[in-house]
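Starting off, we have a lone chain in the form predicted alone, written out as structure tokens.
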Amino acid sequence: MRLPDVVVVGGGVIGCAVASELISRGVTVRLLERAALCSGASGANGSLIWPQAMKRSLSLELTLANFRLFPTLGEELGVDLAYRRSGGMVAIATDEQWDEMRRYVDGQQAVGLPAELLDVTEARRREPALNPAIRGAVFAPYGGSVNPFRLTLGYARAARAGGAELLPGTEILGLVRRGDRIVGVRTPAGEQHAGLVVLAAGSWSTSVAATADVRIPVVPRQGMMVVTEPAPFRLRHVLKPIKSDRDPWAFSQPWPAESPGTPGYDPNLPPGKGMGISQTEAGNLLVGSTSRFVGLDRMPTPDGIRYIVEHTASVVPAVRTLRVLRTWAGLRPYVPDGLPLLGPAPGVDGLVLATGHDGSGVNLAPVSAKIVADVVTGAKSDVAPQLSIASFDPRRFEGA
């Protein structure tokens, strides 16, 4: 087996996007995935594209840079991504929330992002499925959705067409370290060496890195999802229940006391983010999600599913009339400061990180792949230079 320039560990949307981007730049790549492609967080999300945020920040800049790429990405990959820029609505339940979301809209406009405050009559004119009992809604025109499976497998297809070796079903036992350098990975079939290893293993990145005594601050954050039978109506937008901006636990969704695990406080979620409703081409509703820090546990619970249905039904009452076809829980790789780890790993050579995207891997894959490829090749892409790449450097946590 020929020694590749780079071994990519992880076959989710980030790993496949990195492999595709590297191949396009003439780098030889072998991608290893312990299960099937798109079997982790990339295949367990709600398909939402939501680039709007409360304030101008590096996280927002990264999200907007990715958002600009989605309209032409399917054509570039040769795949119908089912990308739909429908606009999104954040439902407002009370007068108090109305005042909070007025400030949210002002904040959006202050950073140059369009947003509109709608009373209930106008909101329901634009989206008839909304609950008539709501106070109103915020319309955010950048909201939309994409098929995460088509996106991930589209990147995989492009990587393979360019000559990448894709090896799903290859368990990674650990990294191979020689002194202060990572030289490859260990698998049940033996060691596989490469000039460089890119670690894109999502929530498993911390445990893989630890096999070579490399510490990175990625913590799994569990989120449950529900998919319903096809609805007899079409949603015109992606929708979000509002959460109180003043409650520090609200966006992380307080967990029923009788459920196992302890919820984590996520200070990076703006109003409306965290819960969502989108619709597939076939008409099924994707609704979710919860937020729990329970290690690598991917088992949904009745309390969690009930929580999702109750909150989404407050926005679209018809959710209660639809049969639930499937439930699942995915693990989102959470980083304390809300920014992904894109660049050289701390303390060693030969290891580049592409992880820590929390629940935004699908949103952030295109530009993240370009940033990682810039690090690997030493070149500069036409998108990444617009961002302060140093802020994504994993070495910012060194010694923490």
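Predicted model, so just to flag it, every value in this text is computed and none were measured. Don't overthink the numbering: it's just position in the shown sequence, from 1.
Heads up, the form predicted in complex with a small molecule isn't pictured, but that's what we're talking about next.
- Heavy atoms within 4.5 Å of the small molecule in the model of the complex map, among the stretches 369-377, 36-44, 22-30, 336-344, onto 36-44 alone.
- Of the residues A159, M275, I172, M101, just one reaches the small molecule in the model of the complex with a heavy atom at 4.5 Å or closer; this is I172.
- When the small molecule is considered in the model of the complex, W204 lines it closely, a heavy atom lying within 4.5 Å.
- By the criterion of a heavy atom within 4.5 Å, P220 is excluded from the residues contacting the small molecule in the model of the complex.
- Contact between A123 and the small molecule in the model of the complex is not found at the 4.5 Å heavy atom cutoff.
- The small molecule is not shown here, but in the model of the complex it comes within 4.5 Å of a heavy atom of V362.
- Taken together, the three residues M225, S289 and G330 all lie with some non-hydrogen atom within 4.5 angstroms of the small molecule in the model of the complex.
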